[in-house]
Every structure is written in structure tokens, then in C-alpha cells.
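Here you get one chain, nothing else, as C-alpha cells; it is the form predicted on its own.
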Amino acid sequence: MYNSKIIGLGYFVPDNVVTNDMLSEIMDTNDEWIQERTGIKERRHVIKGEDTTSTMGVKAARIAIERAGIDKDEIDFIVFATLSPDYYFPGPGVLVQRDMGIKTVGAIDIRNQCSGFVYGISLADQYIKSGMYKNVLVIGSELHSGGLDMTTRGRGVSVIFGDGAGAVVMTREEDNSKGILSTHLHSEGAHAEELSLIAPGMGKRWVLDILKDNDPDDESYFPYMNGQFVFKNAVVRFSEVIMEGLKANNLEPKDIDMLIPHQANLRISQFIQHKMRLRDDQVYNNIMKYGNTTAASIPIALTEAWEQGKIKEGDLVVLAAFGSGFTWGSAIIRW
């Protein structure tokens, strides 16, 4: 059986920087309040009409494919993780295939929000290990800014999120001691509504209902988050799934060379770092610059860490995520 490994990485973020001070001009908030609770100093928002979720994904994918040293037509399968697709349907995976001019390979869309990229890595890993595909393109991309309540009413959520995309190319690895050693996935739907966007949807608020009512006080089409509840669950599940992955490979926290956590909240990452007694150089965070980019946060951070030389051949790299669903997961990688 084959192993899989990452051979190309890329990311894209919009040029438009939105600082905390800029948000304080349109809602009742301030830089100190945001940084104290989230660690975020700024984020990127697309300029309307310049980019979409899929076009950002394409830009990240082009970089990843070039760095992988393969031709786009050597891609056998596309995995696209997002909660903010261009269209209700079809999903963005096929848009990437079309816009990049890739041959008519399969494309699948993953709706696991903050855990989406880890789920995508796991899926690609299994396809490659089984021998079904050789080269799989995995993308995480999000355009949050077009769907946020940018008023004081929505500040608890809206100050957190940013736009961006990251991508990796995964391929076969003959050496079973390298590449993706294991992945670990979980869900707990009992808390589905604690971090959610209810409408539009066929289960609660249909599009036709929203258009008919045209109620400016209807908050069901804005993201909702029970912040404290999510935080408490996140720190537990992050720790559990990281330890699960390490134990499956007879490893310990001290063996980690680089932990790339989903960039949900700097305070969560710091809590996990302290709990596992990891040094600053063993954890990579960039939420300060980009905010929470959901499915894009891990591939953006992974690419940045690699570009800066913080990830080297032979390093033990751990990816971990927790988010809406609730869903969570980890990937243990020998680089």
C-alpha cells in the first residue's frame, strides 16, 4: 500500500487589509477589545467583484502545482473544502477544474467548515493509499466578508473572520515512514446549532421565505456562535485529537517539530501550547494577520511556515482543527 505526501503548497490572501481600528469606525468595538479576546490585529477582505471563493482557490492551487513540479493535467482528483461556496450549487470543485483547464477529473466538495482541510487531507490520503489516484489537489478557501453582519449587533462574530485560500498537492510516497502517517476525524452533532448559519436552508428558513418577509431583524442568515461554549469544547477536542494521533504513532508532544492548529482564536492555540508544554518555535500562528479563515487557515499557515523554513525534511508536523458541526480532526505528518 502506498503512503501519501505533500509535494506542493500555496496560498492567496486579498490585498485589502482591514484593521481593528477600521472596524471600530463601523461598529462599537476597538483594537484592545478584539486583540484581548482573539489575538487578531487585522484580516483580509476581498473587494467585491475582484475575487470569489473559487478564484482564490485557483490562485492558491496554481502556486501549489508549480511548486510540486507537475503539470496541471497530472492532477487526478480535486478536493475543495469551504463553507462559503460561490453558488448554492454546484460546488467550487468543478469551478476550479473548469477555470484551471484541468482534464475531466473527479471533484468533491467538503462541508466541514473549520475542520474541512483536515478532512480533505484525510480523504486524499485514503485515495492515494488505495492506489485509486496518484496526484490529488486539496484546497481550502473562504470568502466570509460578504456574509457577515458588519454592525455592532454582529461584532462578536464579524471581527473574527477573514478571506483567503490555501492549497496543497499530495502524491504517492513509497517510504511508509514518511508522508501522512495517520489522520483522525470526529463529529458531535449534538452541538450543531452552537456555531452555525441557519438560513438559507431547506430545513429552517427557505430562500423564498426570506425574500417574502424581507425582515431586517431576521438574524438567521448571519453566522451565530456561542463563543464561550465553543471555546470550552475546542480546547478539550484539540487536545484529545492531537494526543490520539500521537499515540497512534507511538509519539509524544515533545516529538512535535511543528504544530499547525486551525486559526480559530489565538487564546485557544496558546492554551493548547501551554497544556502540551510546547515551545513557541513548535507552534505556528498567523491569526494575528489574517483572522479566522476557516477551511483556509491551516493550508495558509502551513504554507507560510514552510516558506519561512520552519518546516524541514524529516520534521514531525501535526495539523489539528475544531469547528462547526462540531467536527474536529488531526493529521500526523513526517515531512
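Numbering starts at 1 and follows the sequence shown. Not measured: the values here are computed from a predicted model.
Unshown form predicted together with a small molecule; subsequent notes refer to it.
Contact with the small molecule in the predicted bound form, judged by any heavy atom within 4.5 Å, is made by just one of I256, L185, L123, M225: M225.
Comment: the small molecule is not present in this chain, but in the predicted bound form one of K41, R37, R44, K310 has a heavy atom within 4.5 Å of it, namely R37. You can rule out all but one of 109-117, 71-79, 127-135, 172-180: in the predicted bound form, only 109-117 has residues with a heavy atom within 4.5 Å of the small molecule. Looking at N292, you'd find a heavy atom of it within 4.5 angstroms of the small molecule in the predicted bound form.
At the 4.5 Å threshold, heavy atoms of G91 stay clear of the small molecule in the predicted bound form, well away from it. Shown alone here, H191 lies farther than 4.5 Å from the small molecule in the predicted bound form, counting heavy atoms only. In the predicted bound form, at least one heavy atom of V230 sits within 4.5 Å of a heavy atom of the small molecule.
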